[in-house]
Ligand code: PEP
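Next up: a single chain in structure tokens, the form predicted on its own.
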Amino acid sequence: MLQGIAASDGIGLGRVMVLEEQSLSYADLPPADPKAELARFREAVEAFCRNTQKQAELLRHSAGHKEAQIISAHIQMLSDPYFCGEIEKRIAGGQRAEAALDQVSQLFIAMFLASGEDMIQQRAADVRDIRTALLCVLLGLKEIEVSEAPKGTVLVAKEISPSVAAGINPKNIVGIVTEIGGRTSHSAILARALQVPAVLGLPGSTTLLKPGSYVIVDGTEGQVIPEPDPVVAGAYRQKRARFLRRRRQLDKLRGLPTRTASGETVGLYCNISKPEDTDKALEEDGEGVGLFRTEFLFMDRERLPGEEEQFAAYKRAAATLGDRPLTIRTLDLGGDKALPYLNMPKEENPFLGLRGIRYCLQHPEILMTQLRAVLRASVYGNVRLMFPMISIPEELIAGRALLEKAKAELRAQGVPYAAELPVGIMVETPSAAILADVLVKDSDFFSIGTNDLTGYMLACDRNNPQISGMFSSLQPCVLRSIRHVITCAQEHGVPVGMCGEAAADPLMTPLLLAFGLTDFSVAATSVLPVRAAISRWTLEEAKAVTAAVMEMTSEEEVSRTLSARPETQIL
């Protein structure tokens, strides 16, 4: 058994097709006339754009509009005057088009990878794909085709580029295995959209898995089983049948309210990073947006977005959702999210430094621009505002004061906004959890961010392999803090949501229902599974199991107890 990264749920059983990397060598090519070489490069770019547009159309039909935009973005990248300009400058200096393209691409790839931010690092994969496709055009090579793959094929490759993914027929491709990539990579996003089981980040898979060999791909557990014996293969066929049956059952929940088995209704919202993500939220039957991570509007660019640009983004999201709530979180920088163009100071411990609301309060002009944009967009939908990383009451008071100042400026200019815009906070620091009874007095709602809350409560970095086993929201100290926050809010009639990963964990579901959580906010693809998890519990049953769990003193005991309940079983 080989272990990789679980990237797209499901079970696939089939025969391996290894996608061999083409030789893109150009070392022996003689020098050429710069003018002719420049014309050749520009012709290649035009051919690339035509091919890419066709691939985007294919992907739009097989996966969806959002996924097609991953490929369409390649055309936009080639319109970047710096990227193409730098290539053309090198060609004018006497380089072959292949060498100029390769060198500039490698510079961009290195720059994106050095950012340390997942979303920006994904741009490196875009550049690699553009480089490969353009080199194929320049060298007269045909790109890899998978559209004719036979039924029952498991694709194995170093990386599945968006252009290759465009040719995937989900009726024939039963699994994907790659050597590089993770859950946030384009390969993972496209595999999930196509509903093809995928295991990524499995080093050496292109040599370990032989062409034509029979394998099992478990995209739920991140496992690949080469040449399984008949007993194992039979067990996985049954597991696959259960998974597909469950998927069909989930579809029956589409369009229904989110209710417990005893009839209590809760909100089930989506987490988004871009205004276009609201389309996916509605497509997956989300009841609104519980978290709009606005920092992604500020990334992958050379300067801060202005008020008009931000207003357009927030307006687009609000108008798309209509009456459904849109919770916009103000800029959450710092920690692992830094913007190179802001020249943010290097900190010895950035997760305990100038992040979230702290950074914005030290740079009020940045926050004021965002607050004005959010206020202006608030008349186009059901908008709520949320401040991140609140640690002490003074931060919330200062944030609210800037909001009032932004309102006054808009009033003076005669610009409309929602006067009663609800204002809440992220509860993600131990101090905010402990002071929930104080912070609730100045909050219209709470949203618990379990990822940071768990890390700070346990003083544990989940990315540190030496201690990552400790990181769990089922740790008793985390559960007690969540219960305390919700209890304090209930006493003041303030709703509480959760937008961390724990909100989508079926083991957490009965605990959160028993505590009195009012809103769950999850990834769009988790909406129906979470709705199903909630529907399995009566409130009485949830309270009974929670009473027992809250007497426990170890995460291992809590996890074992909840895992034994039939209501928490996924398959």
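Since the model is a prediction, treat every value here as computed from it, not as a measurement. Residue positions are given as counts along the sequence shown, with the first one as 1.
Keep in mind that the form predicted in complex with the named molecule is not shown, yet the notes after this line are about it.
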{"item": "Answer option from D452, D102, D129, E159, heavy atom within 4.5 Å of the named molecule in the predicted bound form", "value": "D452"}
{"item": "Of A436, L291, I91, A373, the one that lies within 4.5 Å of the named molecule in the predicted bound form (heavy atoms)", "value": "L291"}
{"item": "Contact label in the predicted bound form: R355 to the named molecule, heavy atom within 4.5 Å", "value": "yes"}
{"item": "Contact test in the predicted bound form: D332 vs the named molecule, heavy atoms, 4.5 Å", "value": "yes"}
{"item": "4.5 Å heavy atom contact, P325 to the named molecule in the predicted bound form", "value": "no"}
{"item": "Partner proximity in the predicted bound form: G500 to the named molecule, non-hydrogen atom cutoff 4.5 Å", "value": "yes"}
{"item": "Location of the named molecule contact in the predicted bound form, chosen stretch of 478-486, 244-252, 362-370, 442-450 [non-hydrogen atom, 4.5 Å]", "value": "442-450"}
{"item": "Partner contacts in the predicted bound form for 411-439 (non-hydrogen atom within 4.5 angstroms of the named molecule)", "value": "M426, E428"}
